[in-house]
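A single chain, nothing else alongside it, follows as structure tokens in the form predicted on its own.
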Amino acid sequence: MKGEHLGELEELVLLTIGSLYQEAYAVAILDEIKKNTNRKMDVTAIHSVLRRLEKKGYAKSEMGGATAERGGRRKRFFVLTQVGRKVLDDTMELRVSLYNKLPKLAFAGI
């Protein structure tokens, strides 16, 4: 994974892009993250992360068609790239590997 480091928010946004599949646009990503994490953030933070992920080659985007519900404005949709999926796979593998090394300790009160 050398040189393929993901920040915590980048990882969360990238996972959300993948889970939303072809319906991943900034507001949908924000709503999904809020729904799953109760995390307070704004769409500006999501846009910033999306730009970084595209620059790193982990996601790509294209403009959708204009819709009447958005007053004729278009949405920018994001999808995982093959490299983005590989980085997520490697990240998950590392996390699970480290988690599995945790000693089986009993904590009082838990």
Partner chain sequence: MKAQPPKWADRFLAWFCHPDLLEDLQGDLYEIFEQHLTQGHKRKAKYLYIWLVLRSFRLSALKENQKLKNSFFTMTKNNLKIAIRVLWRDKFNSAINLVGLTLGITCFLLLGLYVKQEVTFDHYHSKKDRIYRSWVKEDYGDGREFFNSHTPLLFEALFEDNFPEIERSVQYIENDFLVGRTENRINEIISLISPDFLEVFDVPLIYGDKSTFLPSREHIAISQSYASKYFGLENPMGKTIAVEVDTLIHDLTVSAVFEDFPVESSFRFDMAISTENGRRIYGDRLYKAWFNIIPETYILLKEGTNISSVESKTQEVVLSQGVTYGDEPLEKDQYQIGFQPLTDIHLNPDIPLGTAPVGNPQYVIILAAIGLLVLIMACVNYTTLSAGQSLKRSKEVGMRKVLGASKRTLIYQYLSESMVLAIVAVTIGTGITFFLIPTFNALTGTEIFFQFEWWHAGVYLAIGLAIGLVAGTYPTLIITAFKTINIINGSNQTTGKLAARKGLVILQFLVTVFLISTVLIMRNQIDFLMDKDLGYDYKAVISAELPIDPNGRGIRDALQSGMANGELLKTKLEKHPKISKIALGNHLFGSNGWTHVAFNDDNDDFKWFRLLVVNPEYLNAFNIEPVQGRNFEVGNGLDKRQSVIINQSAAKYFGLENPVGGKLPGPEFGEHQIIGVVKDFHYSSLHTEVEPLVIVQNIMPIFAGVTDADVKDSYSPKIVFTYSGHNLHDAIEILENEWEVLFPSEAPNFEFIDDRISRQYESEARLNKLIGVATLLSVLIAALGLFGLIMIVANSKIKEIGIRKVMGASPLSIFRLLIKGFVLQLLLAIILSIPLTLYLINQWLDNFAYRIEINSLPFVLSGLATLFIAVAVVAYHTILATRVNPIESLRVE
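Keep in mind it's a predicted model, so treat the numbers as computed, not measured. Under this definition, the rigid core comprises the largest set of C-alpha atoms superposing within 1.5 Å between the forms. Positions refer to the first chain, counted from 1.
In what follows, reference is made to the form predicted together with the partner chain, a form of this protein that is not presented.
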Identify, from the list 56, 60, 85, 76, the residue with a heavy atom within 4.5 Å of the partner chain in the predicted bound form.
76
Could you tell me if residue 44 has a non-hydrogen atom within 4.5 Å of the partner chain in the predicted bound form?
yes
Tell me, yes or no, whether residue 48 is in contact with the partner chain in the predicted bound form, where a contact means a heavy atom of each within 4.5 Å.
yes
Please run the contact check for residue 35 against the partner chain in the predicted bound form: heavy atoms, 4.5 angstroms, yes or no?
no
How about residue 39 - does it come within 4.5 Å of the partner chain in the predicted bound form, if we only consider non-hydrogen atoms?
no
Listed by sequence position, which residues of 15-29 have a non-hydrogen atom within 4.5 angstroms of the partner chain in the predicted bound form?
25, 26, 27
Please determine whether the C-alpha atom of residue 70 is displaced by 2 Å or more between this form and the one not shown following superposition on the rigid core.
yes
